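Shown next are two forms of a single protein chain, provided one at a time as structure tokens under the names structure 1 and structure 2.
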Structure 1
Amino acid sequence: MATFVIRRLIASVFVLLAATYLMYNLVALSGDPLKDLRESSAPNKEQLIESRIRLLNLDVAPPLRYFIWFAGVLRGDFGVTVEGRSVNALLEQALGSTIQLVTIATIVAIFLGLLVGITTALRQYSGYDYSVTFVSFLFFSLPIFWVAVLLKQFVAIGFNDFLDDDPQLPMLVIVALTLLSGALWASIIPGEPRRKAVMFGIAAVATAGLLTVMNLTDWFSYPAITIGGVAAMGIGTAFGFTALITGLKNRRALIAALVVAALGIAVYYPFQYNLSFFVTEWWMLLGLAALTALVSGVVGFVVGGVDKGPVVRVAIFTGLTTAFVIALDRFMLVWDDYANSGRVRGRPIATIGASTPNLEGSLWVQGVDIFTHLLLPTLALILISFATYTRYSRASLLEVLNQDYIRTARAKGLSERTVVVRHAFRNALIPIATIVAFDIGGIVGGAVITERVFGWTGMGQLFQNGLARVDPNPVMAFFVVVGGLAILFNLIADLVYAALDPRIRVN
């Protein structure tokens, strides 16, 4: 195994070197780096041209200039841009902002993709399956910049207009959403038409009720989950996770989950109106999450009884979800202050940039600001990767469901939940895990267009500006990072694959 990894690593380094050589020459030969100066009518044009030639060694032919560049990279220096700015500094900023941009999008896309993929596989050839297939293909076929323009117009500007004066959902929208949610749940739930009809009714009434309450409480101006919402979510997830992981028959799991949820509800007031003011750094939030997991784990362990593992897991998942809902509620608490501040002026959803210039405020305000700026680009990125993940997870689960051992499990009389969650789902995850690894390697480089339309100055901007100005240095910095990540995650994908699936030998 170790030899395999080392061999692959060495091969990867050579692969990357060859790729950079190819890339460098492609970029350098793609145009004239002095073009803008040739067009200028500045009296000292000759001198400007001369100084740029000196700055970027343009008198050396690209195949050889590569080695000058390479010598710099070996010393950890990516050189300067046409404007004479240090590429290292640019790269640092760009990488940070791109990672911020793609992380949430990737996580949400994977989560949604898996969820939808699995449900469609379980309901193959149902109306739900067909609609999801159509929708995901549709998303996959949309040019992202085209979507971006629409998102800005309808989601950002439209929604902000909606917020502007007395935001109330119109009756028509409520009816439409009610029907939609009813139809969705009815098609996901298996069984006889009568059961589906009941499900439709429950979902529709719940949706209509929720939306009406939101309208009545002026929710869009003063969003909140309140302690009631937190309690409902906490208890709901307690039951949900227990049902999914151990089955409701496991009383110990249910008790542990409910205890954790109750703890969450108990700390609601102290946290919202006191403790949260002391949270001033992002790492504190992470620390709180870790603390929550720890406490929940301990509760699970104590209550657990004989089979502790699943109970602990149920408790941790419940605890984290409840904590997340409480944090969400805390963010909502500052929404009104944020939206009506002099910098935002009642139009919270942003169309451009990574943050509101000069906005100062607590961690919670900054969080809301990040949210309003991430919303549109994240939506755009999700639309695209969502399709891939649903298709792959659907295919993967379908294939597993047709395997002998699933038949065996069913034949043994195991419940459908056990068959799907314990036997099928885990095996279906194997190929998906490798795809995810591939994708993470590629996603940093894949956000080029998204960054441009939403005014994020990340890796894509670095690449694109460099290319437009025939400036190999920033393009190569981009490429070394993106190519390096691709190779690294390729390797990880192979290893994960081998580790998860004993049938595959790495050689």
Structure 2
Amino acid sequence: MATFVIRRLIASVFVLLAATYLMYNLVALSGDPLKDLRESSAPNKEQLIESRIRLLNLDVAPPLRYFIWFAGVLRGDFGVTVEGRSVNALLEQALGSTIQLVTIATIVAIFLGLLVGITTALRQYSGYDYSVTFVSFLFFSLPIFWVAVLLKQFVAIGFNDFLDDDPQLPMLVIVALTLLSGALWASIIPGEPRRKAVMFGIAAVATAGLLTVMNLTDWFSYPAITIGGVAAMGIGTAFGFTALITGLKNRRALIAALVVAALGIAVYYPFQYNLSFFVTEWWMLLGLAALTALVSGVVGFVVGGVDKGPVVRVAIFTGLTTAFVIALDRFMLVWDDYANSGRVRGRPIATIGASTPNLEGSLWVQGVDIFTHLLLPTLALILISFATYTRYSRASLLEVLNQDYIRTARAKGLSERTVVVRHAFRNALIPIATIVAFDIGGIVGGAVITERVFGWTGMGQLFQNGLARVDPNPVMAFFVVVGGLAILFNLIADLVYAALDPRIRVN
């Protein structure tokens, strides 16, 4: 393993060296970095030109200037821009902003893409499968800049106008969403027409009831999950994770998950109205998440009996999900204060920028502000990536389900959950690992257009400004980060192959 990793890293270094040499020269030879000064009418124009030449070593030919830049990179210094600003400082700010943007988008897109792709593979050629296929190809074919503009118009401006007026869903919208929800769940659930009709009725009634309650409680002005919603989510996830990981026949896993959900419900009020006021930093919130995982794991370990591993996993997933819902409800409690603050002025869904200038407030207010600014660019990236993950995961799982060992597992009498989750799903992830590896590096480098549309100060702006000013240093900082991520995640993908399939040997 160590030999393989070292060999790959050495080869990657040579690839990165050749790529950076070519890119540096292409940028340096693409124009004149002194053009703005030559066209200037400043009385000290000659001194400014001479100063910039010395600052950027412009008196050295680009093929040789690359080695001056590379020597600085070895010392951890990416140089300065044409304005004399440190590229390291700009890179630190831009990289943090972009990672904040693309991390959430990537995680959500992978999770939803895998979930929807797997369910469409299991319901092949159903109405649900055809609908998801149509939507996936639609999103896949849309240009990102157009999707971003539509989101700004209808999700931001339209929703803000909706909040300004009387925020009540019209009856026509409730009826349409009710029918859509019923049709969706009826198409997902397999079985006879009678069973589908029952599911349609249950989903339609539940959706209509939920939307009606939201209207009656003025939910869009004062959103909340409440303890009832937390209890429903906790108990629902307890049954869901148990059914998925161990099967509902494993009573120990179900009991552990329900105990963890009950603990979450028990701490709801103490957290919301007492403990949350002492949580003033993000690391404290992460610490509570770690504590939740620890307590949930202990519950699973105590209840688990002989086969503790799966029970511990069920308990931890249930605990983290319940804790997330409780924290989400705490953020919702400050929504009205945030939306009607002097800086936001009743237009909470932001269309530009990464934060509201000069906004003051608690951690929870700052969290809502981050959410409202991340919402649109994250949705734009999710919609495009979601289509790719859905198609690949569906095709991969269908291919695996047709293998001989899957037929053998079914012939042995194993349950469909065991066949899909333990045998098929793991092998279906192998080609997905390659897509994820390429996509992570590609999203960091490919968020240029999204950041431009939403005025997000990140890696895209750093790259664009460098190209516009014929400034190789910021462009190369961008290129090194993106190229390094691509190399790193491809190496990780190779190691994941060996972890997913014991037949693959990394040597």
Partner chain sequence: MSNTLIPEPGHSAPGVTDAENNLELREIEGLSQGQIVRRRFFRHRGALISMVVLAFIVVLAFSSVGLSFSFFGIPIRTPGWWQWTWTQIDPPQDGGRPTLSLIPRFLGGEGLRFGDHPFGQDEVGRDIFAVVMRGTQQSVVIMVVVGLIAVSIGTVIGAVSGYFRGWRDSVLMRFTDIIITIPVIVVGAVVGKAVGNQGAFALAIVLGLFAWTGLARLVRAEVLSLREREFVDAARVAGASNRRIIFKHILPNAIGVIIVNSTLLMAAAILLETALSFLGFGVQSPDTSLGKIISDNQAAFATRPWLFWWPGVFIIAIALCINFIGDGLRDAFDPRQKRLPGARTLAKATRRAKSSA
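On a predicted model such as this, the values are computed, not experimentally measured, just so you know. By convention here, residues take numbers in order along the sequence of structure 1, the first being 1. If you superpose the two forms and keep the largest set of C-alpha atoms that fall within 1.5 Å, you have the rigid core.
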- Task: Decide which single structure shows the form predicted alone, answering 1 or 2.
- Result: 2
- Task: Tell me, please, whether between the two structures the C-alpha of Gly297 is shifted by 2 Å or more, with the rigid core used for superposition.
- Result: no
- Query: After a core superposition, would you say Leu58 shifts its C-alpha by at least 2 Å between the two structures?
  - Reply: yes
- Item | Core fit, then Leu74 C-alpha moves 2 Å or more between the two structures | yes
- Relative to the superposed core, what is the Cα shift for Ala28 between the two structures, in Å? 2.3
